[in-house]
Every structure is written in structure tokens, then in C-alpha cells.
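Coming up is one lone chain in C-alpha cells, specifically the form predicted on its own.
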């Protein structure tokens, strides 16, 4: 019964206890890529005609996007009872006869992508039932850019927080300048909107661009949907001609690298040399995936990489590492967790944008790790970790701060706590990886509802 309950965590303040786990073994089924699920389904919703999306990720974020696509006028339905094939009847462009109110849950990427397209509707209001998480995240730069294109908006506070109401007004294309220092999602939002504008869009990015792989993923999806564009090598200038039409097609989702990162960190942190995980559907040549696997190899992790399969083995002493985290920003919390048990010092830098996620993934993560007994130092743009290969004592309760990435990281640390640990707020794991705790249990980690 406990195992089944772990598969579908519901309610509020769900607590889970994790005990020390020297061995982890199995062939877990990875969730599909969250990044590409959001982008493929959105492209399908904007195409005129029927698209098929195979193996889309199923999570709270996915459900928020599905609601958003329906609000834009698309029809979405499952072809099979197992919900592995999604049929999307697109509408060609966002349309709604009446004013729309959309609850985006705690899905920041969904909010930003839909903010751009929402400007195409006569009126749309975005709300959240997570006021202490997504409700505090800034959207000012994107809203100001949309304002220069003729949209009008109302938002909470100077930083453009939810709730946000957008009105199309006299929406037009042309040239827009936007900072890329805080979120690449702003740029992806403009890119999805750009081909629908009669004049197209010339985007100039100032202050640098963080998390470039996410923008490259957006460009890849636009290309697959037959949208034309040009861009500079450093992505500081992007040009998208107007009056284009998204084309309906089939999309097949690969596995999710940030989810794989959580399992890899768990396995390489295990002390028993018999620990082994076999992970499939990991697309080779993926920019985020390549950078992630390189970071693990630099730590001394045992990885065998063969096409779409990665075999991970534990039981070795990890080494401290210095990692530029910008390209693998969503994987940093679980990398930090593994580094807590490496020999020597690790530095994860160029990660300032982690302050602006579901939680403050620098300060909040470090505060909880310190509570457990890890030696970590937060900085404005970095996390410094001094590892304890012998493990740590634990025996405390830590808070996931309503953040799925922190929950995964703290669960990994719990596996190396001699007295285990308890985690609160575990229901928030459903944001991206609903089966995470159930899978840990299947792989041999003592996990139970506390």
C-alpha cells in the first residue's frame, strides 16, 4: 500500500522518510523530456491541422501546458488508454472569443511561453495557486518587450509578478530589445510568437543570454515545425520573418536529462560497487545531455555511453570538480548533492539564475544541506561544496521549499545519511517527476511515508 501511495502523492505537506542506501540497482523508465514536451505540444497547438505527439511527459507542468493550449483554441485528446499518444488539433494562431483566465499552477516555463502567445488574444489573465513560489517569480523584461510590440498589461508589483492580465491592443512585430540575463524563457516566448506577427520579429538580446541550450531547443522545434529564422552564432540577434504558419507533424519525445541526472547522482553516490542503473531514451548529441555527462565524468563517475543508453555504476570515490553550470542549470541541485560525498572541493559557478526558480535554489538548497550536515557555501553566482566521502549523520527533517529539484537533491543526500532524513512537501515532486520516490523504492532505496 505504501508503495502505491508513493506513486501518486496527493495532499499537502506530504512527508517521506529516506534511510541510508548503500546499493541501488535497476533499469528505471525515465520520464520524457519536459523541455521538448512543452515545445512540441505548443508547436502542435499552433499548427493548422492534426499533429501526433508520442510519449509526452506527464506531470503538473504538462497539465498546465495542456490547459494553456486549450485556452489558445487547440483541441487535445489521448489516442490510447495508456496516455502515451496525444492528438493535437491545432488552430493556426491563438484565438478565443471571450476573455480567458488561465491557472498555470507552478509552471514557470509554461507561464513565460504562454505570455508571449497570450498577447495575441483579446484578453487573458494568468493566475497561480502557488503564490509563494511562481507567484513571486519576475516577468518584467518579457512584459516590457511585449509592451513595445503593442500589448498592454497589468501585473503585480514592479517585477511583473502574477496575476498578469494581457490585452492584445495594437499588437505588431518589428524590433525588440530584451535582457537575457535573468531567463532564457523570455526569448523562447518571443520566438514562438514571432512567426505569427505580420511583420515578424527582430530580437536583440542585451546583457548576455543565460541557459542558451533552452533557446537552441526552441529553435530546433521551430525548425521541425517548418518555421524559418536566422540567428547570430552567439544568439544575441535573432530574426524571424512574419506571416509564417506552423506545420502539423508527428513528434517523438526523448528521455529527460534532468530526471536522469537525479538517478545518476543517486547511483554514483551509492557506496556498494554492485550499484548499477541502466538508463534508456537519452538522446545523443543533446547539448544539455553532453554537458551533464561530461560533468559526471569529471567527477570520476563510471559511465558507459552507447547511443541512447547510459549505464551508471556506483561504489567509487568521487573527486571534487569545477563546473560551469549555465548549460545544465536544472541539473545543478542533484550535482551538488553528489558532490557532498566527493573527495575535496567542488565549485558550481555561473548559476545566478537559480535564485529565480521555484525556490532560491542556491540559498534554500544550501540552508537545507547545512541542516543535514553537509559543508556547503552559497554565493551570488556559485555553490562551493566540501565533500564528506564517509557520509554524514543526518537524522533531521528538511524542507523541499515547494521545489521538485530540491526534493530530488535532498533525497539523494538522504541515501548517504547514517540516520536517514525526513523530507516535507514531497507532493511537489509531481511538477516534473511524479514517480521519483516510487522509483527510488523500486531501485532498492528504503523510502516510506513518514
Ligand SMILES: C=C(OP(=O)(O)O)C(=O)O
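Bear in mind the structure is a predicted one, so any value in this text is a computation, not a measurement. Numbering follows the first chain given and starts at 1.
The discussion below concerns the form predicted in complex with the ligand, not included here.
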| property | result |
| --- | --- |
| Answer option from 269, 106, 275, 259, heavy atom within 4.5 Å of the ligand in the model of the complex | 106 |
| The ligand contact in the model of the complex: residue 368, any heavy atom under 4.5 Å | no |
| 4.5 Å heavy atom contact, residue 60 to the ligand in the model of the complex | no |
| Distance check, residue 401 to the ligand in the model of the complex, heavy atom within 4.5 Å | no |
| Partner proximity in the model of the complex: residue 416 to the ligand, non-hydrogen atom cutoff 4.5 Å | no |
| Location of the ligand contact in the model of the complex, chosen stretch of 402-410, 418-426, 388-396, 52-60 [non-hydrogen atom, 4.5 Å] | 402-410 |
| Contact set, 132-157 vs the ligand in the model of the complex - heavy atom within 4.5 angstroms | 137 |
